[in-house]
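What follows is a single chain, given as structure tokens, in the form predicted alone.
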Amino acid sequence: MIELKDVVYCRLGTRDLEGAVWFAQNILGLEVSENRKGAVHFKSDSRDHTLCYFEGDPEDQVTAFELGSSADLHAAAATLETLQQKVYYGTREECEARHVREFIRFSDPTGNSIEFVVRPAISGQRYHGTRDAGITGFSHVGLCSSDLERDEKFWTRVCNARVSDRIGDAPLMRLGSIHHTIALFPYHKAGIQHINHQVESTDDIQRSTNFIRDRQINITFGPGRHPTSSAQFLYFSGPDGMTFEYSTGVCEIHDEPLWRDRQFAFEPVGFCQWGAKPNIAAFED
């Protein structure tokens, strides 16, 4: 089994790098950690970076997960190759650009571009956002799935993810104690469905609701509370149609032997117990 430790970063292609950088700083509230030719890295916690926008096709999207060692990485590559997955080994220059010791890239069964990395850099400096969004860190990612049952088996049988809850057939899966690190949602093509940042409090959710609405950014869901993870949330649109989420108060699962995944309806009440209705394609029947 491939033992994933955590989600590390997302890489997003864009044809308007200047506009994406402006949004990440001024709306999302991230801090620029490095500005390279054709790419800008952003931090949201003590890690070197958790998001990178680069000049390229907006459909070129990558999600990265950390493995424990080089031996684990090469064992993961061998496992993937036995499943007929084409595995690409990152060059030294590509590793340096990502601030990792090693990485491999492959596509999951839906076609989402995934990187497994070893020794991602920690900056040693606290995150200082460009606005007071209250962000405490990058927490989870939603991935599109063309076959939920098949993809759940990949993440839980080939990798070590465990299902915390399901909304319809969409699994919310954890790697550690946090309720979910990976969520799969039905969609007709591959891609990152949403990117989540945790914020400190309910006040931050409401403050950002007003801040984003006043700047005429499209709010696609919330504010509300998820009945699955108990988190209060706000979803909104970013560059190239990407959905970003702020949330706070997500539950943790510490008693692994006793936890049993629960079933929620794939309808608004299964996504929000406050009555908010999503305007997000992957959350709608």
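Start at 1 and count along the sequence shown; that's the residue number. Keep in mind it's a predicted model, so treat the numbers as computed, not measured.
Although it is not shown, the form predicted in complex with a small molecule is what the next lines describe.
- Of the listed positions (Ile167, Leu175, Val158, Val163), a single one reaches within 4.5 angstroms of the small molecule by any non-hydrogen atom in the predicted complex, namely Ile167.
- Note that among 223-231, 253-261, 62-70, 34-42, the stretch whose heavy atoms approach the small molecule to within 4.5 Å in the predicted complex is 223-231.
- In the predicted complex, the small molecule stays beyond 4.5 Å of every heavy atom belonging to Phe116.
- Taking the partner from the other structure, the small molecule in the predicted complex has no heavy atom within 4.5 Å of any heavy atom of Arg98.
- Using a 4.5 angstroms limit between non-hydrogen atoms, Phe185 touches the small molecule in the predicted complex.
- At least one heavy atom of Tyr235 is located within 4.5 Å of the small molecule in the predicted complex.
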